[in-house]
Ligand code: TYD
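Have a look below at one chain only, the form predicted on its own, in structure tokens format.
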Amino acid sequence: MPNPLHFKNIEENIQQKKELQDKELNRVLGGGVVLGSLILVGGDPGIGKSTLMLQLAIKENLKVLYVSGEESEHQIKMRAERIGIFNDSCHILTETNLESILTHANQVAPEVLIIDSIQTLHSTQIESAAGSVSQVRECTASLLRLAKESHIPTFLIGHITKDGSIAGPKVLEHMVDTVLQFEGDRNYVYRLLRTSKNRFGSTNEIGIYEMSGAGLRAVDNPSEILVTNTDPELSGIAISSTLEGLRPFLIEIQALVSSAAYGTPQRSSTGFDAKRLNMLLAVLEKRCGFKLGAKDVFLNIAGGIKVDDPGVDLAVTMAVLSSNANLPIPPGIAFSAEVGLSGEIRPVNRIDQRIAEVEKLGYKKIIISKNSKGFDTKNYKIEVIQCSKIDQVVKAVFA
């Protein structure tokens, strides 16, 4: 039985972080992977979880044990050859028996252990099928002991249910140190890596990847990729500065407004909350006098990105008004503000970072709330226009 240690006698280097070459994964983990940590990676089928972990195994200059219960060695090698980089210190094990995996892990003594996936493992000490509640709990507990005792960072790939939560008992998420969610639309090339739990860092960071034929590529500057419009003659397009966690970037909002041809007006939204769109349309109708009740309204966030930041409200309303009047928004203008139920323009958080991101991308103007605080216009070369009502924004843009 281990004896309790006095706090000052605990070695500080036990929980040190190992920096990875993957900058996006480093960002999400809080600056690197902590030795002895247990990390759970979840996501939809086919979204790229195994590719992300295989790239970690073959691109890092680390001794890695990659355990797969879903593919053969030849299948894994085929995927590795497609990525095109090999790690001489990467060991592949196709095994689902927990006791055998623990034996090989002690023999290889890897610097990183990857399990694909936790639902395929089974222990001979539990009389139930692989993937059952008791098997998942026992296998995770055993891998947790291995990680803590050997100080081996361990990544577990986890299946998810149809409602998006990680399959298995909820205690699985309580047992691990970090829970990462890999998400995105398979019809688009962009993937987001989010942290829903992190004992050793912030849960506000995200990583952005681009899926290609050669695997996943880290996106250093998502603004340049997500904002693709270069035609100043197109109406219904507005640029907004948004935040995902602590990371600012620009997104392109596309709107189409047309007369309802089939009686009941349609309201459709992709990447933006449909209920919030209906609220903004009601504000434009009631507070600003724009007649949209008999119009079809379609909204899309370019690039397949899903946004829940209220700071894109103003850009959404301006894209809708631009399409309704068939007037393109002049180039070089971005928006970042929330719209209230009274039609007022409300401030959003971290406005200084949003303005800096807009300026970095070469825009000339940004329209924000008059009540925004925490920034100094002298620090920026970009023109900062502050408004308190939507009608003031309309005049500033289309005057």
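Computed from a prediction, not measured in an experiment: that's the story for all the values here. In this text, residue numbers run from 1 along the sequence as written.
This next part talks about the form predicted together with thymidine-5'-diphosphate (TYD), which is not shown.
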Candidate stretches 208-216, 304-312, 320-328, 86-94, one within 4.5 Å of thymidine-5'-diphosphate (TYD) in the predicted bound form by heavy atom: 208-216
Residue among Leu361, Ile333, Leu35, Ile47 with a heavy atom within 4.5 Å of thymidine-5'-diphosphate (TYD) in the predicted bound form: Ile47
Listed residue that, although thymidine-5'-diphosphate (TYD) is not shown, lies within 4.5 Å of it in the predicted bound form (heavy atoms), from Lys275, Arg79, Lys197, Lys286: Arg79
Non-hydrogen atom contact Thr51 with thymidine-5'-diphosphate (TYD) in the predicted bound form at 4.5 angstroms: yes
Within 4.5 Å of thymidine-5'-diphosphate (TYD) in the predicted bound form: residues from 145-159 (heavy atom criterion): none
